[in-house]
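Next up: a single chain in structure tokens, the form predicted on its own.
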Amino acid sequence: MAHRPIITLTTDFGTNDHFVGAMKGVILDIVPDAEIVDICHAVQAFDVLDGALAISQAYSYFPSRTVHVVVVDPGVGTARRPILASSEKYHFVAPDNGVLSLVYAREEGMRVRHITAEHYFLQPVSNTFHARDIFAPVAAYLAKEVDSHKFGEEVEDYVKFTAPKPKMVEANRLRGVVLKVDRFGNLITNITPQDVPALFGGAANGFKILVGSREITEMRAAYAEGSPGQVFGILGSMGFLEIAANRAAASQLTGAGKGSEISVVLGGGVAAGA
């Protein structure tokens, strides 16, 4: 059976406007047999880090040769470049604003090209809708197996950033930050088992997690293990410490949100990881 081309879409466009539908129309006009998968259109508006988190958590579950389109583009119409980044298995089409930073961190040997081949664009190109006029058609031609080198020259000065890392501020105190709040109200932090293994391995003695208005002293293995109204810590599927509640929004119960500080304080002489 012939491989059916797959193109994914990750944007901050939402679903109330025509933007996503227009992108899909452009793609299907060029490659009618494409399978278009919506990863997420609820990335926080203009939030490049939120977009980077979304694509980094999903891209690797797709088959080889999938083309991932990622458009969180507050600089649309400016001098920021459209780029094509290619790994061994995938292509990524996006603005050059760091939205692929967490993919760069996970994938070795990425090759990044400045997309300059305008004959692949939808004409005329709108200054406010490059997702439709540049990113969608380029993705479609990639899905038709046009060679990546035909879209532009390789660059090495592409934009990338490092996600915030937790820091030891005292001998037994690790300070992190809430990276995002998911739709269930869970607070997803930047703290991993590598940062504080005792917390996740059950060896912590008398730990407490401080976030918002709450002091949390319990870790759970599943959301349903928490008592009603109890706020607890859990290792979430993204690989980070989450602050959660059973069938309730931890964000409301704690008064914390994206960007809020979170601290893990360990007792009993247990040290955090390197």
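Just so we're clear, the structure is a prediction, and the values are computed from it rather than from any experiment. We number the residues from 1 along the sequence you see.
Absent from the display: the form predicted in complex with a further copy of the same chain. The rest refers to it.
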Run the contact test on F62, L235 and R247 with a 4.5 Å heavy atom cut-off to a further copy of the same chain in the model of the complex and return yes or no. yes
Would you check, heavy atoms only and a 4.5 Å threshold, whether V265 touches a further copy of the same chain in the model of the complex? no
Can you check whether Q194 is within 4.5 Å of a further copy of the same chain in the model of the complex, heavy atom basis? no
Exercise: G21 in contact with a further copy of the same chain in the model of the complex, heavy atom 4.5 Å: yes
Tell me, yes or no, whether F184 is in contact with a further copy of the same chain in the model of the complex, where a contact means a heavy atom of each within 4.5 Å. yes
Of these, 134-142, 104-112, 121-129, 159-167, which stretch puts a heavy atom within 4.5 angstroms of a further copy of the same chain in the model of the complex? 121-129
Sequence-ordered list of residues in 23-60 near a further copy of the same chain in the model of the complex, where near means a heavy atom within 4.5 Å: K24, G25, V26, L28, D29, P32, D33, A34, E35, I36, V37, D38, I39, C40, H41, A42, V43, Q44, A45, F46, A54, Q57, A58
